[in-house]
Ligand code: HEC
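Coming up is one lone chain in C-alpha cells, specifically the form predicted on its own.
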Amino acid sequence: MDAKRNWTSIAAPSLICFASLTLFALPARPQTGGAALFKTKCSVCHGADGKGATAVGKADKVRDLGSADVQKQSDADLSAVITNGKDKMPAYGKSLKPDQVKDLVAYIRSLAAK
C-alpha cells in the first residue's frame, strides 16, 4: 500500500504540473485586424490609446478618437476620413483595402470613452 501511495503522490502533482505547462505554453494570439493596423498606421499620430497625446498629435491638434465628438460620427464618415484624409491627416485609400478600413473603424469604436 505504501508503494501505491508513493506513486500517486508523485504522479498527481506531475500531471498537474504538465497540464499547467501545456496550457501556458500555448502561443499568444497575434494582433490582427484593426488593432494591428492601428498600431502600424495610426498610433504615430493618434497614440496607442487613440487620445492623440503624441508629439505629432499635439502639434496637429489630433482629436481623441474615444471622445463623444468622434464616436458620434457615422461609420461612413469615419471611413471617408480614413480613405480620403482630412486636414493634416493623409489619405489611406490607396494603401488600405475596404475591409481594412472597416476593421479600423471597428477598432476606433472600441476606443469609446467608458
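Every value quoted in this text rests on a predicted model; they were computed, and no experiment measured them. Numbers for residues come from their place in the sequence shown, where the first is 1.
The same protein has a further form, the form predicted together with heme C, not shown here; the description that follows concerns it.
Looking at Ala35, you'd find every heavy atom of it more than 4.5 angstroms from heme C in the predicted bound form. Heme C is not shown here, but in the predicted bound form it comes within 4.5 Å of a heavy atom of Lys41.
Interface residue remark: Met89 is counted as part of the site for heme C in the predicted bound form, having a heavy atom within 4.5 Å. Among heavy atoms of Val56, some come within 4.5 Å of heme C in the predicted bound form. Annotation for 63 to 84: interface residues with heme C in the predicted bound form are Arg63, Leu65, Val70, Gln73, Leu78, Val81, Ile82 [heavy atom within 4.5 Å].
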